[in-house]
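We begin with a single chain expressed as C-alpha coordinates, specifically the form predicted alone.
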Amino acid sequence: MATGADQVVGMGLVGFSLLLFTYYTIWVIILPFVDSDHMIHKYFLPREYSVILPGVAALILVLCVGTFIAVVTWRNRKPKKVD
(Lines give C-alpha, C1' and ligand atoms only; values in the text may rest on other atoms or scores of the structure.)
Protein backbone atom coordinates (compact mmCIF):
# COMPACT_ATOMS: atom_id res chain seq x y z
CA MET A 1 0.00 0.00 0.00
CA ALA A 2 1.28 3.44 -0.88
CA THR A 3 1.96 5.89 1.92
CA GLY A 4 0.73 9.47 1.90
CA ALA A 5 4.12 10.76 0.78
CA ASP A 6 4.18 8.29 -2.13
CA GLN A 7 0.75 9.46 -3.22
CA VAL A 8 1.78 13.11 -3.08
CA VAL A 9 4.89 12.41 -5.15
CA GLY A 10 2.85 10.38 -7.62
CA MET A 11 0.24 13.09 -7.99
CA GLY A 12 3.01 15.65 -8.45
CA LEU A 13 4.53 13.58 -11.25
CA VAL A 14 1.13 13.13 -12.89
CA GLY A 15 0.48 16.87 -12.64
CA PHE A 16 3.89 17.73 -14.09
CA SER A 17 3.38 15.26 -16.94
CA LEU A 18 -0.05 16.69 -17.71
CA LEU A 19 1.34 20.23 -17.71
CA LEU A 20 4.22 19.23 -19.99
CA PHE A 21 1.89 17.36 -22.35
CA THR A 22 -0.48 20.33 -22.56
CA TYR A 23 2.38 22.79 -23.20
CA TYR A 24 3.90 20.60 -25.93
CA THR A 25 0.52 19.95 -27.57
CA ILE A 26 -0.27 23.66 -27.76
CA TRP A 27 3.27 24.41 -28.98
CA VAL A 28 3.32 21.83 -31.76
CA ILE A 29 -0.31 21.43 -32.85
CA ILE A 30 -2.13 24.69 -32.13
CA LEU A 31 0.57 27.38 -32.35
CA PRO A 32 1.31 26.95 -36.09
CA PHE A 33 -2.27 28.07 -36.80
CA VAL A 34 -1.95 31.26 -34.72
CA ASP A 35 -0.61 34.44 -36.30
CA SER A 36 3.12 34.87 -35.67
CA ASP A 37 2.63 38.37 -34.23
CA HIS A 38 0.17 37.17 -31.58
CA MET A 39 1.30 37.67 -27.97
CA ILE A 40 1.01 33.95 -27.12
CA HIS A 41 4.16 33.23 -29.13
CA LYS A 42 6.33 34.91 -26.49
CA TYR A 43 5.51 32.05 -24.04
CA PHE A 44 6.90 29.34 -26.32
CA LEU A 45 10.35 28.47 -27.64
CA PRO A 46 11.09 28.63 -31.39
CA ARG A 47 9.60 25.77 -33.40
CA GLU A 48 13.00 24.13 -34.10
CA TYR A 49 13.22 23.13 -30.46
CA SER A 50 10.01 21.11 -30.75
CA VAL A 51 12.05 18.45 -32.55
CA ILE A 52 15.42 18.96 -30.87
CA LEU A 53 14.26 18.73 -27.23
CA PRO A 54 12.36 15.42 -27.51
CA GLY A 55 15.28 14.00 -29.51
CA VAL A 56 17.76 14.94 -26.80
CA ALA A 57 15.41 13.60 -24.11
CA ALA A 58 15.08 10.29 -25.99
CA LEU A 59 18.86 10.05 -26.37
CA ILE A 60 19.37 10.65 -22.64
CA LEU A 61 16.69 8.06 -21.82
CA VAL A 62 18.32 5.43 -24.06
CA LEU A 63 21.74 6.16 -22.55
CA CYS A 64 20.40 5.86 -19.00
CA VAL A 65 18.57 2.60 -19.72
CA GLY A 66 21.64 1.18 -21.48
CA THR A 67 23.90 2.19 -18.60
CA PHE A 68 21.50 0.63 -16.08
CA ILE A 69 21.37 -2.64 -18.03
CA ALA A 70 25.18 -2.69 -18.36
CA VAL A 71 25.70 -2.08 -14.62
CA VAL A 72 23.17 -4.73 -13.59
CA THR A 73 24.65 -7.25 -16.04
CA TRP A 74 28.19 -6.51 -14.86
CA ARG A 75 27.27 -6.88 -11.17
CA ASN A 76 25.37 -10.14 -11.69
CA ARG A 77 27.99 -11.97 -13.70
CA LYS A 78 29.44 -15.01 -12.00
CA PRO A 79 33.17 -15.65 -11.83
CA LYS A 80 34.49 -18.52 -13.91
CA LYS A 81 35.29 -21.71 -12.07
CA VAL A 82 38.97 -22.64 -12.01
CA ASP A 83 39.68 -26.36 -11.91
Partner chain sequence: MTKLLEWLFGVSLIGVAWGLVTFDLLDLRLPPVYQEVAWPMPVYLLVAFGCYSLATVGYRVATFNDCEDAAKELQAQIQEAKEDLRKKGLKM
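Note that this is a predicted model, so its numbers are computed, not measured. Residue numbers count along the first chain shown, from 1.
Below: the form predicted together with its partner chain, not depicted.
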Problem set entry | Joint contact, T3, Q7 and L20 to its partner chain in the model of the complex, by non-hydrogen atom at 4.5 Å | yes
Exercise. Does its partner chain come within 4.5 Å of any heavy atom of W74 in the model of the complex?
Worked result: no
Exercise. So in the model of the complex, does any heavy atom of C64 sit within 4.5 Å of its partner chain?
Worked result: no
For this session: Look up in the model of the complex whether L59 has a non-hydrogen atom within 4.5 angstroms of its partner chain, and give yes or no.
Result: no
Exercise. Is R47 one of the residues lying within 4.5 Å of its partner chain in the model of the complex, judged by heavy atom distances?
Worked result: yes
Problem set entry | Within 4.5 Å of its partner chain in the model of the complex: residues from 24 to 54 (heavy atom criterion) | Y24, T25, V28, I29, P32, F33, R47, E48, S50, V51, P54
